[in-house]
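Take a look at this single chain in structure tokens; it is the form predicted on its own.
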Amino acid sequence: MKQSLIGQPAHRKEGRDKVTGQARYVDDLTFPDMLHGVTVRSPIARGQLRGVQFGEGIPWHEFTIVTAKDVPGANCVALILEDQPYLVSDTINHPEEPILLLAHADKYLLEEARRAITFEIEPLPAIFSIEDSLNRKELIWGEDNTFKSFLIEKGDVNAAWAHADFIVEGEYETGAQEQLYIEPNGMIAIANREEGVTVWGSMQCPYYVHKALIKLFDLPPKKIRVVQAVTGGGFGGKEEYPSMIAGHAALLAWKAGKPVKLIYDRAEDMAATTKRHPSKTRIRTAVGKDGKLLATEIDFTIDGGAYATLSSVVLSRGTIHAAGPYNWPAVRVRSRAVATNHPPHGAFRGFGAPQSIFAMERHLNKVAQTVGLSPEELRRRNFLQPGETTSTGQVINEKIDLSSLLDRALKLSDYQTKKTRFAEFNASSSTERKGIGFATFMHGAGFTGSGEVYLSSVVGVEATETGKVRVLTSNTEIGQGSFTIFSQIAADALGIDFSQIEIAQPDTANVPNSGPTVASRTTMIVGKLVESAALGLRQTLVAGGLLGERYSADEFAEACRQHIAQHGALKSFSKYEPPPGVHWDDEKYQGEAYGTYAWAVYVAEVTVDLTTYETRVDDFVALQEVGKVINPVLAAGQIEGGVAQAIGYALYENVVWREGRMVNNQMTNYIMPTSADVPPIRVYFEELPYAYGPSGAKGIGELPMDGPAPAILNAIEDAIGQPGIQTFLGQIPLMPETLMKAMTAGGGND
């Protein structure tokens, strides 16, 4: 048997194909007689569709044209509330909403035709802000513009105010963010009534698309097939939206009787698809003069856009994480997702937690200043300890020591020395200010509450006569390294070489439903199922007397050959079962919200230019407790990538809206951090193995999105050090114009 692969930097399974150009993305695929498709979209935010005009000079008889009348099943994207149509039939609710589809063999003529179509629309009043939605300036969704609301209560918040030495209030705001995956959305479809519908595409969740197409075409599940092509990134942006574009490609193919390829260019992808939810948070906190937190009341609201999509579950995660990793005797969190006439917002790495964690980590710096404690000392006095409970009443059963984690992060970043040195520098410099700040936080791994039980995910492994083993899972490789991780886990469980493991292409015709590739669940939840299925296969061979407890690769292959010869296919499946003691009340929103959390302390060092008001992040330390690291290179890459993405969220990526439309929807005017803007990111791990993760691993994919923004703004506050500056440092992205206003209002550069 081989030495354990866990903790080793095994090479990426798909790496060679990608660097040599052999990997086939959806736009590399082609089929005989294939047509190209485009979407014709609404030019306004809200209105009644009265008619369509087809311009002159276009041979319209050559085109396949699809409208809402051509939908064979239900004209709604099957997800949660099922309120979003594939194509507008009467009411338009956001700019870029799909109204009509075109297909033609000539891509260039297709674009001419798209520009030649105009719509007769009766405009209706629209709303574009959280405030207007809450105030019901216009009623655009349901009875109150609210997709979902939650209430979490622990202890007696009302009684705490009378006993507080200080009451600290603050307001915080976060903007939208574009996922900017390296490959835009795209799908190819073949569809007809006899054979059903097959789509190939760039996606995270094949079974989401499968579910949506069943409803759209009113076909039995066996007549819908969804195949993931090699996918160039997702970050949540290819969680729910691929159901829309897959439906469009399939509707065109259904009517045309030919394959249809539908690929977005970058501008359309940025303008039309989902983004991170903007948010507004108000926090009121009671605290004693000793710095002990007594109670907090949090009001957390996110902008869901025009349709519900995944807003309810984004809101859920943001709500649960809003109180942070602190021991609050009393907590009240009220939250809601509201409708506006922006394009729908959706999944994005972090899934609501970056918004609410930003607010809490900025707020606690304000609390520390009010009480007269350092930010680190305030947190030390209030960290959750083993045996204490979160805002949902979940008992912390892990032996986590957040004070020690904080101490190590501050030591690694040379925090105290730099605080002193930067203060001296700032006193003498007229051109720059330097600062250092940190954030402490946690992130739940897996679906919230009863989500994993509802999914009932299944994973299989299958052995061949040569001793090769295929992992059967619908979880996708989108650049994060899941195929490599699954291979390490399976090889370790079976005691065979890493090269003997293959991962089946995610194809709903051939792999079971393992749940979506989201929510920091892939390694911890699905990886555990891979481990269990592999151990089951091994046990089958041992129990059958074909394999001893210790064996060579040749002996394993021979055992597989004999079993297949005697009994047929050698497969093993594993289905999700919740860990013992995990209970969740969906009505009261109380209990074990997650099987476990990853915990982290991030420290940012910044320089603020007093002429341009630009902020540069000079150094970044990311320390996290993640259970067990399966592959140190991939794990560090996840953290580095997440931090870089979060630096963009904090300082650069400003979505500019005009009447509900993103107007800077190109990479020339949507500014993201480049390699020149990203500092050295020093990644460190602590390992406290989780009993119900594969080899003790937890999920980490979303964690690095949560902490950088508050750490960076806390560092900017440290650099500027002006009275009243906190009022202006409660929003991201923090653009130079905002910082200039803040520093001018706070007394200039003196």
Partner chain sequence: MRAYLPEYELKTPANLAEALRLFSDEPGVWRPFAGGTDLMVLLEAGKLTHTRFVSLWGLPELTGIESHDDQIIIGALTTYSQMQAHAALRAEFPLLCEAASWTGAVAIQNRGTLGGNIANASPAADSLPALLVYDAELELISANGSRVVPYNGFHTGYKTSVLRPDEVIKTIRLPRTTAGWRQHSRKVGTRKAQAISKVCLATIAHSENGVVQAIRLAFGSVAPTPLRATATEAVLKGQPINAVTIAAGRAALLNELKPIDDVRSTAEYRAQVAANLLVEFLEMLA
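Residue numbers count along the first chain shown, from 1. Just so it is clear, the model here is predicted, and its values are computed rather than measured.
There is another form of the same protein, the form predicted in complex with its partner chain; it is not shown, and what comes next is about it.
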Counting only heavy atoms and a 4.5 Å cutoff, which of 667-675, 190-198, 132-140, 322-330 contacts its partner chain in the predicted bound form? 667-675
I'd like to know whether Pro736 contacts its partner chain in the predicted bound form, with contact meaning heavy atoms within 4.5 angstroms. yes
Partner proximity in the predicted bound form: Thr744 to its partner chain, non-hydrogen atom cutoff 4.5 Å: yes
Closest heavy atom of Ala504 to its partner chain in the predicted bound form, within 4.5 Å or not? no
Taking heavy atoms only, is Arg115 within 4.5 angstroms of its partner chain in the predicted bound form? yes
Can we say Asp218, His583 and Asp586 each have a non-hydrogen atom within 4.5 Å of its partner chain in the predicted bound form? no
Among the candidate residues Ala74, Leu610, Val395, Leu412, which is the single one with a non-hydrogen atom no more than 4.5 Å from its partner chain in the predicted bound form? Leu610
The listed residue (Leu535, Val663, Ala164, Ile80) that reaches within 4.5 Å of its partner chain in the predicted bound form by any heavy atom is Val663
Scan 577-605 and note down the residues that get a heavy atom within 4.5 Å of its partner chain in the predicted bound form; none is a fine answer too. none
